[in-house]
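One chain is shown next in structure tokens, namely the form predicted on its own.
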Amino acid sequence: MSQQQQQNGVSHRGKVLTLDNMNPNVKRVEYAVRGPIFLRAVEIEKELREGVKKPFTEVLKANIGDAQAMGQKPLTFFRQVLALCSYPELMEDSKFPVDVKQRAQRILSACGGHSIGAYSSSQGIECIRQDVARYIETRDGGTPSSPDNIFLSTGASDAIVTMLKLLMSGEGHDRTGVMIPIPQYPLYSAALADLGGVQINYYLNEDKCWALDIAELRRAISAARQNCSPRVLCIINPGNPTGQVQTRQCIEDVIRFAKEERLFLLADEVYQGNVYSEGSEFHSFKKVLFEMGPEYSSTVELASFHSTSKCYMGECGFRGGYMEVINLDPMVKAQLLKLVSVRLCPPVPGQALLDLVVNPPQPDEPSHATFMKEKTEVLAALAEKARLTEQTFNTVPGITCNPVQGAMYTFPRITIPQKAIDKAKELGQIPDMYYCMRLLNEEGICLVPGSGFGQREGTFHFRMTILPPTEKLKIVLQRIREFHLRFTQEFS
């Protein structure tokens, strides 16, 4: 090798970082929502743009809960305030209502240099944390909330991963075990793979509308004690991908179980504003915990999460969110603050947006009527689409769909003929992955196979968001119906 090549760092040794010597935990991470099906969908979109002929003219992405990508309009009040925060010169424009200007000025006055381009404190802007605490108190019927227990975050995901990071410890049989619902949102399995935690699966009961069963929690924790130290219980309510809304009784039972077993509770409540079924109601874990009295409210450790990405807002790209911690050891809280400080602060525009979500226009303000109209329309449309999805799927032989009580997804069970299962195995694919890939290639519909979320052995599902506009959703449902009947016929 020449001296010049050696100086340029070129040698037979190859790369410093290779697949063989990189962090093995990262290789174990899987995230089905943007997995192989999604990547193929992106390829197909490119092929369509290049003029490749397909049996369809566009890819209909129903794989991810991204409301605005599906055509949902941003709420006027949110965007007006954010526009003024980004470009304060617009304060002079008479088109903006007075309450919009006042809100923007309040947020900017809390920012360094009166600019949302400045860093904030690591825990989040204090007046926004105060607004979050007031929002929680109102939501929970007066249960006290302290801004000191509120941590603003980059969406809910960032806060969830941060808490899991704090909870990880031990080696071998003493490693932290984390109980997660199956089906689950794959953030949890991905984070545990990355952090080297032990995933403890507890299965939701599909026959009872994906209900959580305490007997199943006991089974799961008992089996897990053989190989780890169970310390954490994750709850997703309303459910993703399953769309169930937990009853108050169920939440009480879970809290009792967590106290008995000395588990730290993580309550993922980002869909708290998405409840559709009659008789279903959202109860926050915090509220129920405090209503159960000091025996529980002074001992059970809880972190709960909310986000600006879901509910009626659908502002996914701003990455706004918060976490409230209850009964956290003060020394641990100091470590949590240190950990979030490493990232300096959550995005300030996301913090500003969160403030508008927890403190919307009041009845005596000029923006209130438009805000309420837009919010009500979004939630009414989602409720209608939830009913439409359930009813349509249940008319298709070989598809069964539980009521979509809340959240933004349906997780129907599909019957895959044995010949199709054999064909998938022959191709080295999981059967519901084979099904979803065929659906994408033949109908241009992007869904996520149930195997990406976990499911009971021998059952197959897919997750589909109910977010597409109603007319487009009807097309998606019709195409899935036609494909399923054709697929079943082919392999019967």
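Since this is a predicted model, take the numbers as computed values, not measurements. All residue numbers refer to positions in the sequence shown, first residue = 1.
The same protein has a further form, the form predicted in complex with a further copy of the same chain, not shown here; the description that follows concerns it.
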Quick check for you: of 391 to 399, 244 to 252, 341 to 349, 281 to 289, which stretch puts a non-hydrogen atom within 4.5 Å of a further copy of the same chain in the predicted bound form? 341 to 349
Should Arg262 be counted as a contact of a further copy of the same chain in the predicted bound form, where contact means heavy atoms within 4.5 Å? yes
Close approach of Gln105 to a further copy of the same chain in the predicted bound form, 4.5 Å, heavy atom: no
Proximity of Gly314 to a further copy of the same chain in the predicted bound form, heavy atoms at 4.5 Å: yes
Taking the shortest heavy atom distance, is Lys165 within 4.5 Å of a further copy of the same chain in the predicted bound form? yes
Exactly one of Asn201, Ser86, Thr415, Ser146 has a non-hydrogen atom within 4.5 Å of a further copy of the same chain in the predicted bound form; which residue is it? Ser86
Listed residue (Gln362, Ser222, Thr376, Ser169) with a non-hydrogen atom within 4.5 angstroms of a further copy of the same chain in the predicted bound form: Ser169
Let me know which residues along 89 to 118 have a heavy atom within 4.5 Å of a further copy of the same chain in the predicted bound form, or say none if there are none. Leu90, Asp93, Lys95, Phe96, Gly112, Gly113, Ser115, Ile116, Gly117, Ala118
